[in-house]
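Take a look at this one chain, the form predicted on its own, written out in structure tokens.
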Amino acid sequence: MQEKVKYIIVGQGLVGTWMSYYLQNKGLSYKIINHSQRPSATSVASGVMNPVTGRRMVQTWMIETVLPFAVDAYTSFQEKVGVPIIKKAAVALIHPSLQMKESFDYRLSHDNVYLQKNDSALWKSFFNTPFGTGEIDSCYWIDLIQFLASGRELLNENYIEDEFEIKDLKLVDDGIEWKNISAEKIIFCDGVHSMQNPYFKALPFAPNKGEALIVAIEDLPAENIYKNNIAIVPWKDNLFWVGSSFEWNYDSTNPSIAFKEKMIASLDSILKLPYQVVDHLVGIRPANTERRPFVGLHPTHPQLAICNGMGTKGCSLAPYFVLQLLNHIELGTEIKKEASIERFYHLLQ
């Protein structure tokens, strides 16, 4: 006998966890299918929400909307699970060059909302600061490992540990069937694995490889995130996440010696404190050529949906666009045009 639910979610990474959280809050029935041994970009990400991006230090797309939304969402999630998930942590900029200092100084007086000066003397005992320092305010750090673990605990009997294979999916007039479960909708939140999904693989995915080191730095204050040519992010205890690379072209999904050597050279050039490398992480991000999410229903098979392609800004984008998709399905509200997969219907049809 088949079990009936309204939704099946594929993948319990960042997006899938938010999807299940909102469905549970709305009292909607669902099952989430996840293979915990599959590589996940979320499990190796830094967890930083930074409103400023790039060498030109411009504001991130939609940040005025998605940042306060995300802060409220993670705070509510934290209150529900009863463990720390979100922490405010300003980014201390250790300017890597005169050009970057000049770019920072320019932005201070041109359309600046999040940048401010700070006292370079605060950091001189920890870093080499030949070009001075600055600060990005309104930044946050999300404990993604705890977020995924807490999300998994909330799922209870709704969680299915299994390898989702498309051959087990059957489309029917009033929804879908997967093994012994029937549902009205199935939502794919499985990162780069959607690239092999025959219904969505035509979307212009452009996955990129990210790597990071986990480094022990005993005396570095953990109240800030630090950014030079690399980012140094508090992880837990006296450990810091150091990275990350952003490779569009890569021959291997394994950790690379070249990346490790590059990070060590960067740490040696700016850090005055002793440190020890304790781990080397690697993940493949489900990015795309437009650097905008893929959110919406399939044009010819409306029982299929996707919420994917969040890229490097996933922590801030995911809560907002997950709820956009669910409200679109349940209430008929519109999805933000730049994120809706309607812009690619010509490819999907």
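Note that the structure is predicted; figures quoted are calculated from it, not measured. All residue numbers refer to positions in the sequence shown, first residue = 1.
Below, we turn to the form predicted in complex with a small molecule, even though it does not appear here.
Trainee: Only one of 292, 313, 298, 280 comes within 4.5 Å of the small molecule in the model of the complex by heavy atoms, so just point that one out.
Mentor: Exactly one listed residue reaches within 4.5 Å, namely 313.
Trainee: Just to be sure I understand the contacts: of 219, 162, 137, 72, which is the one whose heavy atoms reach within 4.5 angstroms of the small molecule in the model of the complex?
Mentor: After the contact test, the surviving option is 162.
Trainee: Please identify, from 188-196, 111-119, 87-95, 126-134, the stretch that has a heavy atom within 4.5 Å of the small molecule in the model of the complex.
Mentor: Of the options, only 188-196 has residues within 4.5 Å of the partner.
Trainee: Give a yes or no for residue 14: in the model of the complex, does one of its heavy atoms lie within 4.5 Å of a heavy atom belonging to the small molecule?
Mentor: Because a heavy atom of residue 14 falls inside 4.5 Å of the small molecule in the model of the complex, the answer is yes.
Trainee: Is the gap between residue 26 and the small molecule in the model of the complex 4.5 Å or less for some heavy atom pair?
Mentor: Residue 26: no, not in contact with the small molecule in the model of the complex.
Trainee: Can any non-hydrogen atom of residue 207 be found within 4.5 angstroms of the small molecule in the model of the complex?
Mentor: No, residue 207 sits far enough from the small molecule in the model of the complex that none of its heavy atoms falls within 4.5 Å.
Trainee: Looking at the partner-bound form in the model of the complex, is residue 244 within 4.5 Å of the small molecule by any heavy atom?
Mentor: Because a heavy atom of residue 244 falls inside 4.5 Å of the small molecule in the model of the complex, the answer is yes.
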